[in-house]
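Structure 1 and structure 2 below are two forms of the same protein chain, each written out on its own as structure tokens.
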Structure 1
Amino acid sequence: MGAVWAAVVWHLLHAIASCAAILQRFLDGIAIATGSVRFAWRSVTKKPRVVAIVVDGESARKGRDEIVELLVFLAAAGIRQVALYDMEGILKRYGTYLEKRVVSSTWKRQLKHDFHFSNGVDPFPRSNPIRTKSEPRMVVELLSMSDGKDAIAEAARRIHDDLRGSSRQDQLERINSLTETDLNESLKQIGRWKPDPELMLVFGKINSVQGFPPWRIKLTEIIYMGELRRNIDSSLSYALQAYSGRTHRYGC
């Protein structure tokens, strides 16, 4: 009889905890929908500095509005750098359009942000050149397959290029002592080095990094978000909170 009561109490406590979690999510959703995202983030102590967004080709073609919404949310949540990737480079072609829409959306929501879009190497023409020191800034890199494996091959060519003029012996010594730092430096020299994202959100029908620059995702947390759709603020909030709540052991 005691075991039966214990089971009843256990299930009752579980139901109360589940209702509390649902209510919390509902309140967070209202906070986000009304533009008070900062409220939802007040208790979060750990945010990623750099977030990678990977979208499949279909999402890149048809989901520009959803991507704008996504970027606005991340800006409101205080994310400072976003690496936005699609394999075919579709988003790079719409870079100026995305920048204009994001700036317009943030001003409408009275979120004072300065955005800097680039295609991975060069910045796009600025549509919002005015920037005050008080405005938080978000950098958005638009990346494609050419910024991934191709970039590493280019860095490898650069390494050997730098050896020209040295004696054969020196070349051999330099090659034998090549390290990760040297490859990092080479990537910097060709403008392909950026900070590693702490968090990656993957949108689409498959959970795959889809050729995202492999050098940069050594320790990146990867969360599969499913298909890109409108009104995904709640899902994004959960993803960021999930990242915040995890213990990152990094091999320990």
Structure 2
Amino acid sequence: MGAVWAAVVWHLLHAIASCAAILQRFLDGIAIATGSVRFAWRSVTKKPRVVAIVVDGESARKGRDEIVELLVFLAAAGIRQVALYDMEGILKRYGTYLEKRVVSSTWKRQLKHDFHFSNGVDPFPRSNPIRTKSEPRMVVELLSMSDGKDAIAEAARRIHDDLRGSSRQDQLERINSLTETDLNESLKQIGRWKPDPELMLVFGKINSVQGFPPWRIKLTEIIYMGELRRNIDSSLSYALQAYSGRTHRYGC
């Protein structure tokens, strides 16, 4: 009988803790989306190495100044790699413009960073002056819905080519034993592998990743930020603080 009561109490405590965590994330989302937060990113103890930013089409068309402000904040916060995504690929057309504006803004704020913008495969023409190797560097990858699919198809073709000449039985065994590691290795061999974001910030009227390559966000922490607006430093600080305070468990 005692064991039964112990199990009941354990499940009850687990349910309370789960509800509290869900409520906290809900309140975090409201605070971030409304901008009613005041946190300093300097107090963040754990920062993501790679951050994905998802913006809707309207923000990509009309909010480029806000996107520049967002990238400058992340650079100042010590983020070194950003995957900037919009479904239609609008931002890819303005890669050089964004780079010039980001570099100009960082120099005005006396943040001497080196920036490297690319369309996911090839870099944009360098518009920023030569930097020293000692300066912090941020890599900004501009992505759209079409990105990743070609890379996956090319990696699959490479795996297929490697199987040529093998017997039918060997081919079937190899195919059935393929893992995520095999695919990543194939992507690295063709120079198309990219690191998975640890944190994704979603901007727009709708909380949606809008077709961001799903194989890159298997373990990504996703935070909805509401509509893109000016002066969002406090919301970004709060998002980094929320990420820092969360425990990530990746299985036993």
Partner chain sequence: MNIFTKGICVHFIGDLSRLPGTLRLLACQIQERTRHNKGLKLVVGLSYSGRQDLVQACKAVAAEVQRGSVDLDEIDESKLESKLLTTWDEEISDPDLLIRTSGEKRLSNFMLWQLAYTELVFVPELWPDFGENEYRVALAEYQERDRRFGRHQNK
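By convention here, residues take numbers in order along the sequence of structure 1, the first being 1. Quick caveat, the model's predicted, so the values are computed rather than measured. We call the rigid core the largest set of C-alpha positions that still match within 1.5 Å between the two forms.
**Student:** Quick check: structure 1 or structure 2 for the form predicted in complex with its partner chain?
**Tutor:** Structure 1.
**Student:** Once the core is superposed between structures 1 and 2, does residue 88 show a C-alpha displacement of at least 2 Å?
**Tutor:** After core superposition, the displacement of the residue 88 C-alpha between structures 1 and 2 stays below 2 Å, so no.
**Student:** Rigid core fitted, then: does residue 158 show a CA shift of 2 angstroms or greater between structures 1 and 2?
**Tutor:** Where the cores coincide, residue 158 still shows a C-alpha shift between structures 1 and 2 that is 2 Å or more.
**Student:** Once the core is superposed between structures 1 and 2, does residue 101 show a C-alpha displacement of at least 2 Å?
**Tutor:** No, shifts by less than 2 Å.
**Student:** Align on the rigid core first, then pass along the CA displacement of residue 176 between structures 1 and 2 in angstrom.
**Tutor:** Displacement of the C-alpha, rigid core superposed: 3.0 Å.
**Student:** Looking at residue 167, what is the CA displacement between structures 1 and 2 after core superposition, in angstrom?
**Tutor:** Comparing between structures 1 and 2 after core fitting, residue 167 shifts 5.1 Å at its C-alpha.
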